[in-house]
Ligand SMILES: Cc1cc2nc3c(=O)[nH]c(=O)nc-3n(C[C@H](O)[C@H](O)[C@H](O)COP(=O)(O)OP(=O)(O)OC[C@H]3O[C@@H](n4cnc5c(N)ncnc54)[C@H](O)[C@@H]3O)c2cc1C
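Before any questions on how it binds or moves, here is one chain, the form predicted on its own, in structure tokens.
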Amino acid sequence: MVSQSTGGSAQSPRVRALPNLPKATLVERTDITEDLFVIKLEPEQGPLKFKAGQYCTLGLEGIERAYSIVSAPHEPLLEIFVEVVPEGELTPRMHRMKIGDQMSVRPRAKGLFIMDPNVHHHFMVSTVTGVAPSIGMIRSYVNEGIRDHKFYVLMGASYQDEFVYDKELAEFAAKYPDHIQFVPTVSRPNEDRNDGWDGAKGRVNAIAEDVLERLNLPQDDTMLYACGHPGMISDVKDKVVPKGWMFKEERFWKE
């Protein structure tokens, strides 16, 4: 169940942004599960300039980390999908944030994990928060106007409540069936949290090669993108790169 929240408990201390850096204020927060949440930040210097798929560097209390941006460049708020790492330094602090709290945000977004406009088929594989850059790329593409590109989005998670952006992707796929296809898969289909699941089953890296072959995409006009768990990325890369597929990656290392 997705719930709207104004942040941490009344007893938790307020967190502080890093000094001497531009700030962004937390204006919206959605708690998804105990360890997954989405935040929207409003940069005090105006919307951050970036390319869809890039990452930004956020900071609290002397600690900075890079986060892939969910939002598209035309959106005024900076949307970030966060997984709490219990032993991490930054994500537990982010989880305590309340509406009105501020984070520092480096003024320059970075990263080369962006849509390649020179190819027309974009095959995207992700795990949980790794879907963030794919969402940004597709939002940006739709906003700029549908052209002759096609997106195939495979999203994996242990449980169906970890997808978060599945409804948005399903709506895109329904509205633009000739341009966007979406396949979510759960890796633990027999557990109670996945009761009622009738979609694909298995780890996303296990089904990626089969889906790719079934689509019969042109190898010289297709880019593969993998983002999320390093193990998933390595497995997909080892399967497809030796066969000649073009490949981009963005690894999410734990703090």
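Remember, predicted model here, so these are calculated numbers, not experimental data. Residue numbers run from 1 along the displayed sequence.
Separately, the form predicted together with this ligand exists; it is not shown, and the next lines address it.
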Inset, instruction - For the three residues Tyr159, Val164 and Asn194, verify that every one has a non-hydrogen atom within 4.5 Å of this ligand in the predicted complex; reply yes or no. - result: no
Legend entry - Per-stretch contact check against this ligand in the predicted complex, the hit in 142-150, 88-96, 115-123, 169-177 (non-hydrogen atom, 4.5 angstroms): 88-96
Legend entry - Close approach of Asn205 to this ligand in the predicted complex, 4.5 Å, heavy atom: no
Inset, instruction - Would you check, heavy atoms only and a 4.5 Å threshold, whether Glu83 touches this ligand in the predicted complex? - result: yes
Legend entry - Thr129 within 4.5 Å of this ligand in the predicted complex, heavy atoms: yes
Inset, instruction - Indicate whether this ligand has at least one heavy atom within 4.5 Å of a heavy atom of Tyr67 in the predicted complex. - result: yes
Legend entry - Contacts with this ligand in the predicted complex - residues in 232-250 whose heavy atoms fall within 4.5 Å: Glu250
